[in-house]
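Two forms of a single protein chain come next, each set out by itself as structure tokens; they are called structure 1 and structure 2.
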Structure 1
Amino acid sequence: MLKVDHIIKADYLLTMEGDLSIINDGAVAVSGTDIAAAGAFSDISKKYSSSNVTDGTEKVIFPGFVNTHTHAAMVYFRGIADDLPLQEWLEKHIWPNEMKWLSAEFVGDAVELACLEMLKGGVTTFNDMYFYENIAGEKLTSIGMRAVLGSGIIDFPWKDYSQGPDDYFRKAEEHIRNWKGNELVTTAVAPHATFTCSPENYTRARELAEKYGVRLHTHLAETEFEVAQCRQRFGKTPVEHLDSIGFLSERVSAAHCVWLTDNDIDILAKKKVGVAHCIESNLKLASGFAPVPKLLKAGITVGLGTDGAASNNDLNILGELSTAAKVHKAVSSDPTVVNSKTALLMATKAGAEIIGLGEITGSIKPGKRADLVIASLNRPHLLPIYDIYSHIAYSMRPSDIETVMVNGKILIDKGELMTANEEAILEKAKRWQKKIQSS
């Protein structure tokens, strides 16, 4: 019998592999950082033993959620400027506050709060686009979370990037080198959007990503304003524009993709671009409805993202998958689209694939990292149980999540963070709130 570090049992095991079948009375064997085996407990117990066997009565195990698009440090701007159009929100409120407050200390403290919130909601991996990503990496690895950290690129000088693009690219390259080979941090280059990045800087970002073999992460076709401006400047939609300069490829994860033509969808499918669907941010900013059923039908891989907490206002992927599953039914007048299995797949395996981590996380499979979520089903809003997928998509809440494991290490146990001082993280957030409010 093989000795492993953990055997985790549950009434229901969802591997998100194959035909997405449910394994009743399932178990996952964890050895070191990896999943050694997954299947029926009766089978696992014949081959594996462990001194750490977690009882799973009235529980479900599924892969950790993947947040495919966020700006983690913006959690400190949660609620600072709500109920406004995106351009007004961005240019008159967010950018001025970032100019005033952003620093390595701000980002480090804010990322701790973001990691705490995401982990408690079952998110084990996130795809970030922001600045000061080195300090973000230090904080999240200290906590033990997984992330793709994209160094933001824009055209104009800003804060500690006084030389403009040259500074952004220099720091992006340093960031890539600093984290090469890290177990938890993967790096990316993140040109912001067509209205903040020139064709030259998009091309430069692509070249840097290709040089180091890393991912690209950008906003794309989020608003009508963006599309209209791009057409005016380049005579093309944002998708057509980025395709014409050779930017689009399977290396790219594109956030939002709300205002797409049929030709845009064909291009994204042909170039194998992954789409990060951020439905709650799009709803709150009245950006529109991404054509997700069309994207899926075209064979485009779609994941779920929260966007930053300044525009959502939380980092709750359970909320995203529930909203996505319901809203697209209403928009398309078809109750069968984005069903509960599809929504959970978008939140896990598909999300990992579009950020380049499909071989590492996103599903429960031997050889992948042990990034797992165990949730209680013994809750009034989760009983009785007829379809576990429907329960997760339409009824489950972050407070139902009891245990979260990343890379084989338990980070959340009985709903509490094990690797950092929760109270200290919350107190820092309160101190920053007072600073920002008093300014």
Structure 2
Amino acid sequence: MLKVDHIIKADYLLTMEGDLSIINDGAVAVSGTDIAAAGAFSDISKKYSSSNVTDGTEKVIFPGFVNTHTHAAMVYFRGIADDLPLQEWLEKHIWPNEMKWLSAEFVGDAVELACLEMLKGGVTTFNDMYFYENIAGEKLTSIGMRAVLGSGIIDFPWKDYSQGPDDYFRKAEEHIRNWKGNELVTTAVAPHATFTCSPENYTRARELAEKYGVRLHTHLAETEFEVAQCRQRFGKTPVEHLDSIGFLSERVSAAHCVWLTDNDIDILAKKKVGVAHCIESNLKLASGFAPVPKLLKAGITVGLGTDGAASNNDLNILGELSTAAKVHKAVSSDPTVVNSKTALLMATKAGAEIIGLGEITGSIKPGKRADLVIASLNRPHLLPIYDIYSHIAYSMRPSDIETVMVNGKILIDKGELMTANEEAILEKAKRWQKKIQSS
């Protein structure tokens, strides 16, 4: 018998590996940070023992969700401006507020709230793009969450980045070096978008990422306006443009990808670019419908992202999963597309793959880190149960999530955060709200 740190049982275990078959009366053995084994409890209990055996009656275990595109610190701008035309929203509300409030202190406090919200909703890993990512890393590692932190790059000087690109690249390089070897934080270089980053800065970003073997993260083909502007400036679609300068590769996570030609889809498939599908943000900002069934058919790996909370307005991957599973059926007049298994794959395994963590997280597989969610099924809105995948895609809510483990450590227990003071995080948010409102 091998002693392990935890044996977690559940009526249903979804590993999101292989043929996605459901393991009834399943269990996961966790040793240190890693998954030692996963399978039927009757098998696991023959090989492993633990002083921590968790009962799983009327529960389901699945891999932690991966939020493949967000700007976590923007939670502090949640609902600050809604139902507005995009340019008015950006120019009169989001940018002036960022200009006024952004600082290391703001980002640090806000990221704690974002981590709290995401963990309670079963998100164990997120792919961030913002500024002051160093303080974000400090806060999230202290809580114990996993993330890829992308240092933003834009063409113009801004706030503490008064030298423009040189400052962004210097801070991005410091950030990469600082987190090298950390077990929870990996890093990325994050040129913002084709309308805010020159070809030179895209290339410089790619070279920096290649030098250190880190990820690239960018917005791509989000709005019709962006595509029109790119065509005007470069005579190419954003995808063609970034391809023509050699930016696109397996290293790139591309957020949104709403406005794509068939040729764009071919390019993304050929270059193995991962797509972060942010359906609720795309709906709420009226950006449009990303052609997800087409992307999947082309063999492109698609994950789910919440985008920032100023445009969504939450960091709820269960909500994205449910919306994605439903909306694409109506868009394509086909109720069989983005089925519940596909949606859960996008929210977990595929998500991990498109942010470079496919070997680490996203599924329940021996040798991967133990990033797990345990949800209760004993709920009025989850009964009866005929199909557990369907329930996760169409009926489950964040409040059903009871336990969340990241890197072998229980961070959420009975729905409460174990590694930081929840009330203190909420109080900080209220203090910032007062400051921002009274200004």
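Given the structure is predicted, the values throughout are model-derived calculations rather than measurements. Residues that one form lacks are left out of the comparison. Sequence positions of structure 1, starting at 1, serve as the residue numbers. Think of the rigid core as the biggest set of C-alphas that the two forms share within 1.5 Å after superposition.
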For the form predicted on its own, pick structure 1
Segments shifting between structures 1 and 2 (at least 3 consecutive residues, Cα moved 2 Å or more after rigid core fit) are at 85 to 88
